[in-house]
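Just the one chain here, the form predicted alone, laid out as structure tokens.
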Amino acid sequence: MEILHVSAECYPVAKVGGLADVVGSLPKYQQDLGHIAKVVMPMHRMKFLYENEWVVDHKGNINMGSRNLDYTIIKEKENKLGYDLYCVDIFGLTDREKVYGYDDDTERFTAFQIAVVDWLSKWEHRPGVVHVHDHHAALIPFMMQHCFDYRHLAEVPTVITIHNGQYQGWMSWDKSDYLPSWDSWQWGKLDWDNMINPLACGVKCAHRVTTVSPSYMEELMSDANGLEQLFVMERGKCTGILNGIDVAVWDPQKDTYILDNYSVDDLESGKLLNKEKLCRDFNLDKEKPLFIYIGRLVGEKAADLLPRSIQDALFHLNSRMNFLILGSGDPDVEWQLEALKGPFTGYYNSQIGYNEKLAHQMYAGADFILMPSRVEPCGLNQMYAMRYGTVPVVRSIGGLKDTVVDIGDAGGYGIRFNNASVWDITYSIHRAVELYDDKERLQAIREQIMRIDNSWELSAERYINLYQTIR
């Protein structure tokens, strides 16, 4: 089967969040299962673009409203990612240094999608399935089925995966002429609450809808930023498939980013060496449990609760632990976290921004990872952490609920809490410190979580099985 993935992000080409990790890994594992997987994305002007060789695959021309646009499809020459990677170059639109955050993002991603469908319409054959990801690609099933020039693609199976249903790509109806000439009788497919809603359109038009964990699929039916009823109505074609992780990239035995490689057989000494380095670099006490947070400093991740939670934990537990934060986002949260360095020197540190090497070192050297998210469709950080023997402390929501079992339950190996609140976070930190003091139990849990198989192999096979239900 030939699978074309369409996405705004793909690691290591361009990454903002977990979407990039999924699109960067899933096609590789589908290839390993004997299928042909391809990825097409905008041609972001990032490091990967300039460090690799490209060939022109196709040149075309499209209209977006009154604008006539030339586009070029380029292909990475050496197949370095393990699958064919294509980028769409539209001068002045897709050739930006950032993935998101421009005033004309609506125009940018609409043009990208039109170019993808136009390119696809010129293929001499039809792919087995077109798999689109999030709202940036969600208009593609509609265009394939209801835009006059592309109706010959209508029978091609389509799947949409929702990585975060809070972002939907809303457009006012005065931008409806951006789309190629379409059947006006189908306006209801585009509309939700008197706006063009690309994500809602994708859910309505795609043959199958997936989310990145089973629990998140259920949560969308009661909390989907206005689309709850839509998911209830369409639940018959909806499935939650848990994300996996790329175990070749996230492997403490081979990770070139960390100081000392280790396996489950020598994890105690391996983690200790990595922890010692991390504590030296950030002026922390290696004898105390080390809690880390890695990710965006935004409300969805409950990052606004971190400053108060860290202060309360250090105060009420007599500074019996260390904290290290890596991330960026809300400027006010960034400022509050940086401000903690002064009063809590030796117990706390932070680095604003993102550093892939440091992230790997933190997973390897930490004892616990904090994930107090308000919204977490799947979560990958908890799975990365467990691969390195770092115990997850997570809110019981979305994929965190599907991948972490509390130590109070049979076979449990993590710490879960119910509410995104300072109290729940600090109480969970207290539970984690108690676990840290029980060295024998901690060691057993570390060994247990390092043996959990969260690889993409099973998830990739589930996607293939899903595609085959449409054919």
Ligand code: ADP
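Quick note: we count residues from 1 along the sequence shown, nothing fancier. All values derive from a computational prediction rather than experimental measurement.
Below: the form predicted in complex with the named molecule, not depicted.
K.L.:
I'd like to know if I74 sits close to the named molecule in the model of the complex, meaning any non-hydrogen atom pair within 4.5 angstroms.
P.N.:
It does not: once the named molecule is placed as it appears in the model of the complex, I74 has no heavy atom within 4.5 Å of it.
K.L.:
Given that the named molecule is not shown alongside this chain, does G379 nevertheless sit within 4.5 Å of it in the model of the complex, heavy atom to heavy atom?
P.N.:
Residue-level check for G379: yes, a contact with the named molecule.
K.L.:
Whether R462 contacts the named molecule in the model of the complex should be assessed with a 4.5 Å heavy atom distance threshold; does it?
P.N.:
Taking the distances in the model of the complex, the answer for R462 is no, it never comes within 4.5 Å of the named molecule.
K.L.:
Give a yes/no on whether E356 approaches the named molecule to within 4.5 Å in the model of the complex, heavy atoms considered.
P.N.:
Answer yes; at least one heavy atom of E356 falls within 4.5 Å of the named molecule in the model of the complex.
K.L.:
Taking the partner as it appears in the model of the complex, which of 281 to 289, 86 to 94, 188 to 196, 320 to 328 has residues with heavy atoms within 4.5 Å of the named molecule?
P.N.:
Result of the contact check: 320 to 328.
K.L.:
Within 4.5 Å, heavy atoms only, which of H131, K301, R395, H136 is in contact with the named molecule in the model of the complex?
P.N.:
Of the listed residues, the single hit is K301.
K.L.:
So which of W182, F109, Y262, W250 gets a non-hydrogen atom within 4.5 Å of the named molecule in the model of the complex?
P.N.:
By the 4.5 Å criterion, the partner-contacting residue is W250.
K.L.:
Residue by residue through 285 to 304, which ones have a non-hydrogen atom no more than 4.5 angstroms from the named molecule in the model of the complex?
P.N.:
The stretch 285 to 304, when checked against the named molecule in the model of the complex, contributes I294, G295, R296, K301 at the 4.5 Å heavy-atom cut-off.
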